[in-house]
Ligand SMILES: N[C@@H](CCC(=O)N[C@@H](CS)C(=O)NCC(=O)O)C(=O)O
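The chain below stands alone and is given in structure tokens; this is the form predicted alone.
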């Protein structure tokens, strides 16, 4: 089964789609990136992921694999000859999965909450949640990296991908709300890590430009406000 049989269904602004693309790049796998259109779902997407109807979907040899972190693990297992993504040690592997779940289920939703917060107090509370999470991740980085450049050691690994895919949207929040989330004083390890991660050959071509993401964020915010607005009275 050749590499030409690999496709990724996704949208370029999606951090979850980035996870699949970075993993394939790390393994030097050629793939076709099939862009979905905002506001609609292609027939291929609906057929490939009928349960969640969401991107990303990896299609390998005609078979779909769904959910971003599951896709990353699948890529690591299938293209085993490339650099390992998951840690080889069972405890390190479990720890990486724990923090990846924390990032997806707790930290990222709190970061999204900054933009949707109603009023200054709610916004302040959301920012505090995010910064508290970053302090935890700074500690996790110190332990996982063991003095190296990445969470995965001297090369990008599972937790780097799980967290790093959100750096573009973190910068969007910093720009739109005039805040500093990754701070040299409070999270020096993560600041240095973020620079190295974004400059990596597997990442730099798929990490969206902040200004382009800002435009997407404004569109999404406008749609959210329109959806939340009460219907006009007769």
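In this text the structure is predicted, and so the values were computed from the model without any measurement. Numbering follows the first chain given and starts at 1.
The form predicted together with the named molecule exists for this protein as well; it is not shown, and the discussion that follows is about that form.
Just give me the single entry in 175, 192, 204, 53 that has a non-hydrogen atom within 4.5 angstroms of the named molecule in the predicted bound form. By the 4.5 Å heavy-atom cutoff, the listed residue in contact is 53.
Check all three, 11, 16 and 41, heavy atom within 4.5 Å of the named molecule in the predicted bound form: So, yes: the whole triplet contacts the named molecule.
With the named molecule left out here, work out from 24 to 32, 196 to 204, 183 to 191, 60 to 68 which stretch has heavy atoms within 4.5 Å of it in the predicted bound form. Stretch with heavy atoms near the partner: 60 to 68.
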